[in-house]
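Here's a solo chain for you in structure tokens, the form predicted on its own.
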Amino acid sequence: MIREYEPRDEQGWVRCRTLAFLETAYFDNVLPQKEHYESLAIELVAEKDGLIVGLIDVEYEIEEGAVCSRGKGLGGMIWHIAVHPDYSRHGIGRQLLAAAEERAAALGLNRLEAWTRDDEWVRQWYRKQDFQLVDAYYHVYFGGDELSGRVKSDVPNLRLVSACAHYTGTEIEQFQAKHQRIHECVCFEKYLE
């Protein structure tokens, strides 16, 4: 059953998202509580036998450019979409997206935007839902000796041991050291009819 998120769902929302994200390139993006948004949001959950088995959060604009990173008109940003691993491949994600799209269209939004990393199965899912890949950049993680000469702190007695950076250039090869973690972060966009 797809329904509106309620505050009593928070623990189930966090558990569902955490378990779902463990199987993706966002495995380390763990949230201890549900995110709240500056703008209005469509917040839906899929519930089965009292368990939250899926979720979607779409923060949306009431002023063009306030939430989304591109496009014309009012859009919605899919911040979170997840399906509990024990319930994946049953169409729950597709149902959540369809319900969110219906609500988004009723609100006058003309498109949805979603950013994800380099999991090919996730990218394929977005393509199957008629999203188009429209932008990309890299998340580059540095640690230990990899930081030497690249990142430094001007704060006395503060030694950086790891860092995450956004790289928007085209020469990613310069960062592809043996132990470095790099993810291509891509934007998918879908115009609503």
Ligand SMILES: CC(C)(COP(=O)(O)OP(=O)(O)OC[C@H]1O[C@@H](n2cnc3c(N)ncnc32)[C@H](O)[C@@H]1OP(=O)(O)O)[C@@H](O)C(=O)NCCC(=O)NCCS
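Small disclaimer: the values here were computed from a predicted structure and weren't measured. Heads up: residue numbers just count along the shown sequence, starting at 1.
Keep in mind the form predicted in complex with the named molecule is missing from the figure; the text below concerns it.
Interface residue among H166, K128, H36, K152 relative to the named molecule in the model of the complex, by the heavy atom within 4.5 Å criterion: K128. Candidate site formed by M77, Y137 and C187: none of these residues places a non-hydrogen atom within 4.5 angstroms of the named molecule in the model of the complex. Heavy atoms of Q124 reach within 4.5 Å of the named molecule in the model of the complex, making it an interface residue. In the model of the complex, the named molecule lies farther than 4.5 Å from every heavy atom of K72. Put simply, G91 is close to the named molecule in the model of the complex: some heavy atom of it is within 4.5 Å. The closest heavy atom approach of A82 to the named molecule in the model of the complex falls within 4.5 Å. Shown here without the named molecule, the chain has A20, F21, T24 in 1-36 lying with a heavy atom within 4.5 Å of that partner in the model of the complex.
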